[in-house]
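One chain is shown next in structure tokens, namely the form predicted alone.
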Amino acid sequence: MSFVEHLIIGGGISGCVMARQLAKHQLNFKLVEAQATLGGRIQSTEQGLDLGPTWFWPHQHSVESLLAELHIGFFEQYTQGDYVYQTEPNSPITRGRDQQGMLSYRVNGGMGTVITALSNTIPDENILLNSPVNQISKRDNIWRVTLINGGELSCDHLWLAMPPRKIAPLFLAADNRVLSEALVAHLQAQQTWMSAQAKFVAVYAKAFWRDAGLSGQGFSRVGPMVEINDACGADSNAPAALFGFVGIPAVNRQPLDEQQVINACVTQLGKLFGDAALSPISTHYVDWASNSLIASAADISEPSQHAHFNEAKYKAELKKLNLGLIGAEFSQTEPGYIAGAIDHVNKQVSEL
């Protein structure tokens, strides 16, 4: 059994930011991630196209500060030109004049560059990949974390950077129940924002929609995508692309063949943006609802909503246990967002 002072479970943005902070303070720690790579739902292609979170906004100063520390640039989301929309299956495509939405930013090279930069600040020997957790218990005031592969880790201070509904079963699997019934029930009630979302990206040789005076924004009540946006990079050397959020509910997507959904998305882009959209160089499709480490059955069956974790109610219990809940859903300011994750981790570190 391996012992460390601090053990972080979950290598998404929260876990990586926490690991960076612990490394800066020269504390003894290990970061454990169930998947083969760090990042969680932050996933970008080699071309820098985001398949998970895409934007941050001007008021989210913690994101901007982290990017500056990591020497990563960002740029404004392209919204110049008209948008298109369709309301009924047989209705014509309507072109709307220059929709001005909230200013949003995207990261140079995609959000994945943030995870890469963070991982470069964490010693390799402090990271354990491909190691899903089986159960969590506490004996003799020491946390004991059992891995599915049979390994076991122990620590003084445990940090859980996981979806709330994925945390509760780990404690329920142990013989000795550490958490109060009320806290377990509260965790089980917290949905992970956008965990059941599917996203589609189409890559093109050029941004032909811009040449036609279109912003790349599209809206539809027909589907399969309900919202589409320009996904081009910051400069002319970056790929030209469109991305969309698939509006088919997760439970209805499950029986569909992935290629069916991809073909339907390409067909929809052709209807909205013209024949040039029917011939993408490549496509990318991710259904996050199919990832059992992220989405629970409850997440999939419910309408999408933000978590509302009552930190004040459970703060004393967590402090007594030396247990930190640091995933984005536990943020008291912007639950589910990258900014919320960063703010929450920084707050937890300041209270060490």
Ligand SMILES: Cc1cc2nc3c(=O)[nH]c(=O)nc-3n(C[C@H](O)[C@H](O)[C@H](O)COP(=O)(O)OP(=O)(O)OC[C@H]3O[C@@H](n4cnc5c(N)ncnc54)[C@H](O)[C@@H]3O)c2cc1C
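This is a predicted model, so every value here is computed, not measured. The numbering used is simple: start at 1 and walk along the sequence shown.
Beyond the structure shown, there is the form predicted together with the named molecule, which is absent from this document and is the topic of what follows.
The three residues 13, 52 and 294 all sit with a heavy atom within 4.5 Å of the named molecule in the predicted complex. Among the residues 223, 274, 132, 249, the one placing a heavy atom within 4.5 Å of the named molecule in the predicted complex is 132. Of the candidates 283, 35, 290, 305, 35 is the one whose heavy atoms come within 4.5 Å of the named molecule in the predicted complex; the others do not. Only one segment in the set 203-211, 124-132, 79-87, 255-263 has any non-hydrogen atom within 4.5 angstroms of the named molecule in the predicted complex, and it is 124-132. Within this chain, residue 144 is remote from the site of the named molecule in the predicted complex, having no heavy atom within 4.5 Å. For residue 216, no non-hydrogen atom is located within 4.5 Å of the named molecule in the predicted complex, even though that partner is not displayed. Looking at residue 30, you'd find every heavy atom of it more than 4.5 angstroms from the named molecule in the predicted complex.
Residue contact check for residue 338: one or more of its heavy atoms lie within 4.5 Å of the named molecule in the predicted complex. Contact annotation for 178-194: residues with any non-hydrogen atom within 4.5 angstroms of the named molecule in the predicted complex are 193, 194, listed in sequence order.
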